[in-house]
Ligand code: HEM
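Below, in structure tokens: the form predicted alone, a single chain.
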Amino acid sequence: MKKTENAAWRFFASVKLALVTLLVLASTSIIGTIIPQNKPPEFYIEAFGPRLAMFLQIIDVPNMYNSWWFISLLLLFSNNLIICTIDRLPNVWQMVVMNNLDTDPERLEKMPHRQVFQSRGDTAALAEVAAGLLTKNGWQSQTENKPAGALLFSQKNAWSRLGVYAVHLSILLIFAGAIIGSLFGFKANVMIPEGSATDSVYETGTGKILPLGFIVQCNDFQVSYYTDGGTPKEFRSDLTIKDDAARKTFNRRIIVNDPLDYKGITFYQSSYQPLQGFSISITNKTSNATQVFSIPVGKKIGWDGTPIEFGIANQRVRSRMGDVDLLQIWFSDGEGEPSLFVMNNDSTTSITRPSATYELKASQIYATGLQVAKDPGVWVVYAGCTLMLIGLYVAFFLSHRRIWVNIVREEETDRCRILLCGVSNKNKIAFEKEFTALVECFTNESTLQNA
């Protein structure tokens, strides 16, 4: 049975199937964009109510792009593209590689763009003249001697007929990249307090622990604010990657839209969380001894081996997130009355005591919030997008243009009839202008006369 007589083949080769599948994919993608993905079940119950939330879970809308039915739609559309290509490409390829010098002269007479000239010259000499005129106008021609004369042919952008199939291939590459990313990649998040490290992250939606294979440490976190003092302007993390297996360690500072990439895993600066603790650095300016402490609000601690004791008596919170801008510090070195003073968060102040001067630096401890993504199919997607742009440009802006010059000696008049004709598969208005310019060039040739 021929494939054109096979009902299943005709179904999968149908353009209507492609349009319907595309419409369904577009509609469901809108739903997946409107309804947040990979949220905890409690989120959907609160947002849509218990019954609708249960229905959404049953049809896997919260994880729509990985659901069986959405992937089935992608596979159906992919099969449709593949079979459409197999069904139509052979004929198109034949148009690209065909020998146009074997074109039937009767077909040339029916070309949509044609002009006839006459001349008393020899057919071989006239063929050379015609070839020169074509070359002058940017048409590199081929010549073949015929029993009655000669036939010249020239074409431009024959391969432009393949542009639509480049688009088909690009779509398949994008789908393949998305499936690779879905099967072998992940999206996760993690909160790392300053001075802490982790070798795993938590998968978005499920909370599953995913090992990284190396250690990520947050050395420092900084946040800056707009002049109103309450709105964060920029936050950045100083990270260290420690990979014992590769014997590799390096530091990198990241900010929003400037992530860290390592071994195909990307770390994005996404959020932060102020913790209920402060890092206090005390330096004795007389002895140059320095010690760093971690202390919560309302607790008094001492510097071992010294009479120094200090604590954070109070704080002023300036944002709903818990950012602190002012601290009230209590400080004593065992001599005289203790010092009680106010200082800005993330600042340094000097404390003058009877026997020494101290420099104290206080900064709130933060945890940096990182979004972590691994997508091994992203380069396949990029390649598909690039190929799609090229294919769309070729398909919409380039056309397959063909020119013939058929020179035939007419025995009864002892003259040569010269037929200049051509055709374009697209952009026919532009080709008409190009053909008109070519006709004018032939008309200006002294050895040729309009018939």
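The term rigid core refers to the most C-alpha atoms you can superpose between the two forms while keeping them within 1.5 Å. One-based numbering along the sequence shown. None of these values were measured; they are calculated from a predicted model.
Keep in mind the form predicted together with protoporphyrin IX containing FE (HEM) is missing from the figure; the text below concerns it.
Of the listed stretches (35 to 43, 61 to 69, 408 to 416, 392 to 400), which one has a non-hydrogen atom within 4.5 Å of protoporphyrin IX containing FE (HEM) in the model of the complex?
Careful reading of the contacts points to 392 to 400.
Identify whether protoporphyrin IX containing FE (HEM) in the model of the complex is within 4.5 Å of every residue in the set 15, 22 and 171, based on non-hydrogen atoms.
Verified in the model of the complex; spot residues all in contact, yes.
Mark residue 167 yes when one of its heavy atoms lies within 4.5 Å of a heavy atom of protoporphyrin IX containing FE (HEM) in the model of the complex, and no otherwise.
Result yes; residue 167 sits at the interface with protoporphyrin IX containing FE (HEM) in the model of the complex.
Wondering, does residue 139 line up within 4.5 Å of protoporphyrin IX containing FE (HEM) in the model of the complex on heavy atoms?
Residue 139: no, not in contact with protoporphyrin IX containing FE (HEM) in the model of the complex.
Is there a heavy atom of residue 77 no more than 4.5 Å from a heavy atom of protoporphyrin IX containing FE (HEM) in the model of the complex?
Heavy-atom contact with protoporphyrin IX containing FE (HEM) at 4.5 Å: present for residue 77.
Does residue 324 reach protoporphyrin IX containing FE (HEM) in the model of the complex, with heavy atoms at most 4.5 Å apart?
Outside the cut-off, so no.
By the heavy atom within 4.5 Å rule, which residue out of 81, 188, 308, 282 makes contact with protoporphyrin IX containing FE (HEM) in the model of the complex?
The residue in contact is 81.
Looking at 208, 300, 88, 146, which has any heavy atom no more than 4.5 Å from protoporphyrin IX containing FE (HEM) in the model of the complex?
Looking at the other structure, the residue within range turns out to be 88.
Core superposed first: is there a CA shift of 2 Å or greater at residue 75 between the shown form and the other one?
Result for residue 75: yes, a 2 Å-plus shift.
Cα of residue 429 displaced 2 Å or more between the shown form and the other one, core superposed?
Residue 429: C-alpha displaced by less than 2 Å between the shown form and the other one.
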